[in-house]
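Here's a solo chain for you in structure tokens, the form predicted alone.
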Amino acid sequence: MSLMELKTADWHARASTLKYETRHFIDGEFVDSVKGGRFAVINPATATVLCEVSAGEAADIDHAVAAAKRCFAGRTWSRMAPRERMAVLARLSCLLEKNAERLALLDTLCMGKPIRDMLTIDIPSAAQNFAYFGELIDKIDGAVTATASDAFHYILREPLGVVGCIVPWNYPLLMAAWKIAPALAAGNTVVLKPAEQSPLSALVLAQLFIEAGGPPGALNVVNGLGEQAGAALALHNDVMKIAFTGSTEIGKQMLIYAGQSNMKRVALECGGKSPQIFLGDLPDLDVAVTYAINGIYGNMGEVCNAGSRLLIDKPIAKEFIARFIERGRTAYQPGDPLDPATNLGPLVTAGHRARVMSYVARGKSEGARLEFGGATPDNPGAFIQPTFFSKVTNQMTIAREEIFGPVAAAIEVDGIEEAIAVANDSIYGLAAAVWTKNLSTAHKAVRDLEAGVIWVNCFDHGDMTQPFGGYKQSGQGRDKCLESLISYTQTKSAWINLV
């Protein structure tokens, strides 16, 4: 029986026998914290403790960075023949798919992601990341420049050294792959700090890297809280780059840490408040409404580029909103994340649910119209109903701040010029979309929208060739794509005098 054929009872049975590795993974082996501290990982669907994992602090980060530094200096990874490194990442990609059941259960139990999303989105995409960047390893070349006849000049690309990766809880395995794959492909060694809410799949990933033939020390994982392990990693003088995905507030702190330490490189993918512009001449209203619903309620709205602002042209606003209400109120329903039919699991923690509910209250108090949702089911998990507000203005809190939950805000606009002005009136600029049949309008929107990713007549489409990252306070740097791999390298210029 394939995993896609398993029933809810099957998944619960398998979850009940799942074994958790809870220690750090450093220098090719699992180790406890230096000080022996531990912290609890909570299942948000049941509000019960899954396990307690080792709590990393500065001493554990020192241990992991030292292992990564030794591995890099020993050249067992950075100078491994390109085709051999390619083979390691290719085997790792296959091992992720082979271990899909275990990985899917770990992320579902840690952060509430529906099991079907793990099987159809997260795990295949993570495997694809390692395959893609593995394939690029021997495609990166240097350059020979045109010089005078008495000189020979060439430019090499080399890895940076030890790279620190700090990833969030909303896509635990996939976000780890986004950071780790290009860093390793470029020849760097890595210390990963997963989110404290969802550390378990990263530990399996590191173990699978060794099984795939990776050398000890090339990929290390330290669990811990951000203010302890994360800060220690970002401040470490032997870390040459920090790759971070998370909130804008903490992203700014990463820049401060870089300046306080060794001026390490920093790549940030931070918050978003992505607008979807629906113009009166859009190709198909039903298709557009479907994308709008999926764009905000998918993954419980816990998506940095979630299409949370619906900018709707006034001629179609009444019909658009009516269809969104009719279909959106039932399209996503809170349910057991181990049920393959569930498409809306719990939010990651009870505390985060309280934060999202505070935004719902703020929306109502500021005059937005609550069309549906805005309540929490009567069960112990951190669930919330999908929520939709109309009559929103772009000055309301729910239109300006990242909620990171299943809350959509409809803003009526008068044509493309006002839509672009409203879309750009934000501190964020991660992604945006425009729906129109007019080719000229589409290209002008792409030109004028202040966002790193623009979709036309779709939302959240793309492949591994697509740079993913933002403008403004959504960060800097790009994930996926060739540009990402290049960002984990540095150039060395060699000028030879021919005598």
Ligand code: NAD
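Residue positions are given as counts along the sequence shown, with the first one as 1. Predicted, not measured: the structure shown is a model, and the values here were computed from it.
Although not depicted, the form predicted in complex with ligand NAD is the subject of the following passage.
Is it the case that Trp169, Ser247 and Phe468 all touch ligand NAD in the model of the complex, with a non-hydrogen atom of each within 4.5 angstroms? Yes, each of Trp169, Ser247 and Phe468 comes within 4.5 Å of ligand NAD in the model of the complex.
Considering non-hydrogen atoms and a 4.5 Å limit, which listed residue (Asp313, Glu402, Asp122, Asp107) is close to ligand NAD in the model of the complex? Residue within 4.5 Å of the partner: Glu402.
Within 4.5 Å of ligand NAD in the model of the complex, heavy atoms considered, which of Ala55, Leu449, Leu430, Ala67? Of the candidates Ala55, Leu449, Leu430, Ala67, Leu430 is the one lying within 4.5 Å of ligand NAD in the model of the complex.
Within 4.5 angstroms, counting heavy atoms, which one of the listed stretches 328-336, 230-238, 70-78, 356-364 is next to ligand NAD in the model of the complex? Selected stretch: 230-238.
With heavy atoms only and a cut-off of 4.5 Å, decide whether Asp117 touches ligand NAD in the model of the complex. Result no; Asp117 lies far from ligand NAD in the model of the complex.
Answer with yes or no whether Lys193 is in contact with ligand NAD in the model of the complex, where contact means some heavy atom within 4.5 Å. Because a heavy atom of Lys193 falls inside 4.5 Å of ligand NAD in the model of the complex, the answer is yes.
Given that ligand NAD is not shown alongside this chain, does Met254 nevertheless sit within 4.5 Å of it in the model of the complex, heavy atom to heavy atom? Taking the distances in the model of the complex, the answer for Met254 is yes, it comes within 4.5 Å of ligand NAD.
Give a yes/no on whether Gly272 approaches ligand NAD to within 4.5 Å in the model of the complex, heavy atoms considered. Yes.
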